[in-house]
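Only one chain is included here, represented as structure tokens and corresponding to the form predicted on its own.
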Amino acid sequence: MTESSANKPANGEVCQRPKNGVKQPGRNGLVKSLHHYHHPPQPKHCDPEDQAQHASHNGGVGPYNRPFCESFEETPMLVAVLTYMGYGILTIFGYLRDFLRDWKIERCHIAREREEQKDFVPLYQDFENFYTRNLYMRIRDSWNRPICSVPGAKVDLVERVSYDYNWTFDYTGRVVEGVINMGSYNYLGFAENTGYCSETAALVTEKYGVGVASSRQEMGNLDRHEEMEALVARFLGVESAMAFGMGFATNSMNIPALSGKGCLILSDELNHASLVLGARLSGSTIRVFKHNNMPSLEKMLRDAIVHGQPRTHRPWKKILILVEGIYSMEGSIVRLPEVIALKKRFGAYLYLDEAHSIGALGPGGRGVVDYFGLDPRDVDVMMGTFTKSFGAAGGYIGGSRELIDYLRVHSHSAVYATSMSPPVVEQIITSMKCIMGEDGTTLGRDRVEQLAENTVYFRRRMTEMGFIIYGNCDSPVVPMMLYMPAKIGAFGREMLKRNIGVVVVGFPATTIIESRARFCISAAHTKDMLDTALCVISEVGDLLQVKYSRYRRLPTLDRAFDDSIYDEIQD
């Protein structure tokens, strides 16, 4: 969950990055501040109006070589009260409906504990089962929508309807075509069925087939696998790398191989479920530090060194820090320079999950390490996935040769899992070479730059329209806060009516009162697509009254947004 303002130390100096020679106002509203670690005081201050914003910002001093600004605006008090009231009303009616179901007055379609097993250990958690029956089912039509096209900048959806309040769905046979896709992780636009990547993947399918039918250690180690891993290592700037068939299993199956009993794992409170599962499976002691909060991490590291293991006070065998490059629900970027400084200072190891940041950040698309201009050797374990920026499947781990050789023998995901499909491997190779410029074109570099431009443009317009958006100004993951339960489904439905496909997110993926819509920006989005989406978002935002920001930012320039203004983002 996101921490409250009381948990995040205030930042003394607050500035915003100027663009196009014009000083922009700060992010709207009272914003949660993230602490800067070992930053020297800045002699210059912003305007009083900007200082009131409390946006986390670094002006390129200390461990940073570039501006670093993130915004987490506080929930307005009235909105928070109405959100709690909405959940309270839904809970009351939920208990009423459960009463009717117990007396067989209303039919219940969801799985429940059998009467003869009521004294057994319950299979279902009571609250989550209650939430699924009475809240989730009301808005279930907002998820699992089937598509019947490539998940590119536009998608085709299979139309479905429900006549029993989302318990079951019937398909009408109609296809909704040309829906602008604002939800897929297609950051660089490589999820496509035309072009060089798809053509080479088709050729490899003809030669190797689709399945390998064996693990890498038996008969499933192809020459394409070896070439892919060598290319990944070169792309990351590390000694060696290995690939896995599933991104989730890359974390959940490899962390137990790296850490065990007598080890300490320090995990960010907003880490992905795969990291959490891997940490739990390892048997290590787990301690959670506040999201992106360096004083919290430093305190835990100091306490771990001073006190050691519980009861015995022996030194920890190993201290492993787990962080992500881009946090997929918050849109924030890890404060990697400070994390590296702390891990060196206290002799810890760093595990970096770049599932969302690889390909999407940095001038060369090499992730958050490239974004901050750091040495890849300072990160002990570099993990990432091929499912997003590369338009493929699976994950990887990069690092020293000793690390990779160890994992090839001890990782359950490497020993027991079936090898990656040859056409998937070829998609990874061709898209990665494209990003690196080894295909003889500038297509990859152009897509990385286009993604950065689209991200800045979209975030700026959303803020100007008065929405509360979370995260870093360079993050292509853009969460827009909805808060109230009734507006989760309403926003998704109204957007789809206007031919815009979005992802809405609620509990348990977020805290129960921090529901949101999450937009994922892609290099495949044209300016016309973004403008169309922004116009519809503004229209639906007015309809549902979700423009919650208490400080409306004015447009950066006092003229209409046209192609010339869009191009000025590069300056």
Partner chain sequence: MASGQQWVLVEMVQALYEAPAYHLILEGILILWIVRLLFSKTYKLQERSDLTEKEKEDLIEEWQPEPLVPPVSKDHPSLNYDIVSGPPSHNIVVNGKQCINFASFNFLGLLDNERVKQKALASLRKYGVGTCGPRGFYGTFDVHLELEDRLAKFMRTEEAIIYSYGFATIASAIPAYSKRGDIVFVDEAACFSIQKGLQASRSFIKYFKHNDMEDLERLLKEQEVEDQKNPRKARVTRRFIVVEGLYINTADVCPLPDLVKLKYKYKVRIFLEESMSFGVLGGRGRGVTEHFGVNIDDIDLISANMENAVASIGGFCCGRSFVIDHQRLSGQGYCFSASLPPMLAAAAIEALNIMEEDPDIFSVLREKCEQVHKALQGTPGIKVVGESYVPALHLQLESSSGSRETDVKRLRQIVDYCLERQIALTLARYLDKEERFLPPPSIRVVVTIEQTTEDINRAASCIREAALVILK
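Numbering follows the first chain given and starts at 1. All values derive from a computational prediction rather than experimental measurement.
Form predicted together with the partner chain: not shown, discussed below.
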With the partner left out here, if you bring back the partner chain in the model of the complex, are Gly178, Lys487 and Ala533 all within 4.5 Å of it by some heavy atom?
-> no
Only one of Ala341, Ile147, Val456, Leu82 has a non-hydrogen atom within 4.5 angstroms of the partner chain in the model of the complex; which is it?
-> Ile147
Looking at Tyr87, Tyr196, Tyr406, Phe130, which is the one with a non-hydrogen atom within 4.5 Å of the partner chain in the model of the complex?
-> Tyr406
For the chain seen here without its partner, which of 288 to 296, 462 to 470, 72 to 80, 248 to 256 has a heavy atom within 4.5 Å of the partner chain in the model of the complex?
-> 248 to 256
Report yes if any heavy atom of Asp303 sits within 4.5 Å of a heavy atom of the partner chain in the model of the complex; otherwise report no.
-> yes
Does His307 make contact with the partner chain in the model of the complex, using a 4.5 Å heavy atom cut-off?
-> yes
Consider Val505 of the chain shown here, and say whether it contacts the partner chain in the model of the complex, taking contact as heavy atoms within 4.5 Å.
-> yes
Give a yes or no for Thr172: in the model of the complex, does one of its heavy atoms lie within 4.5 Å of a heavy atom belonging to the partner chain?
-> no
May I ask you to list the residues of 250 to 281 that have any heavy atom within 4.5 angstroms of the partner chain in the model of the complex, in sequence order?
-> Met253, Leu258, His272, Ala273, Leu277, Arg280, Leu281
